[in-house]
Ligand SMILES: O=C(O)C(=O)C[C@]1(C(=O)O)C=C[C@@H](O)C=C1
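Before any questions on how it binds or moves, here is one chain, the form predicted on its own, in structure tokens.
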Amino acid sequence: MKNNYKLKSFKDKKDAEKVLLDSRKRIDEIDNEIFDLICQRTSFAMDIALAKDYIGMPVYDKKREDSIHKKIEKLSEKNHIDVDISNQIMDMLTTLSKNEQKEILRRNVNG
């Protein structure tokens, strides 16, 4: 998704306030969608943890994380989004997933 932002000129202060309010409302909606997607992403931790455990893989998979970062870097550059910040976001998401996987495995071992 390209950043197709165009500078907007306003008729008056009221017009600018309406754009601000509408934009913030849409950002709030997008934040909710992002959170829902994070929950969906994290919900796969159980399947991933149990599959890794069965296969004998560690929770940390460097090859997979490197692959994710390469994909994110390409997407960030294509969409003119700061690569470093995008990588930080992915680091947080993978940390969330790994922590969840570790907790699942701990509970699985301890009953």
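Counting begins at 1, following the sequence as shown. Worth saying up front: this structure is predicted, and the values here are computed from it rather than measured.
Missing here is the form predicted in complex with the ligand; even so, the following discussion is about that form.
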{"property": "Site test, 41, 52 and 94 vs the ligand in the predicted bound form, non-hydrogen atom cutoff 4.5 Å", "result": "yes"}
{"property": "Among the candidates 72, 46, 81, 59, the residue which, in the predicted bound form, approaches the ligand to within 4.5 Å (heavy atoms)", "result": "59"}
{"property": "The ligand contact in the predicted bound form: residue 102, any heavy atom under 4.5 Å", "result": "no"}
{"property": "Any non-hydrogen atom of residue 26 within 4.5 angstroms of the ligand in the predicted bound form", "result": "no"}
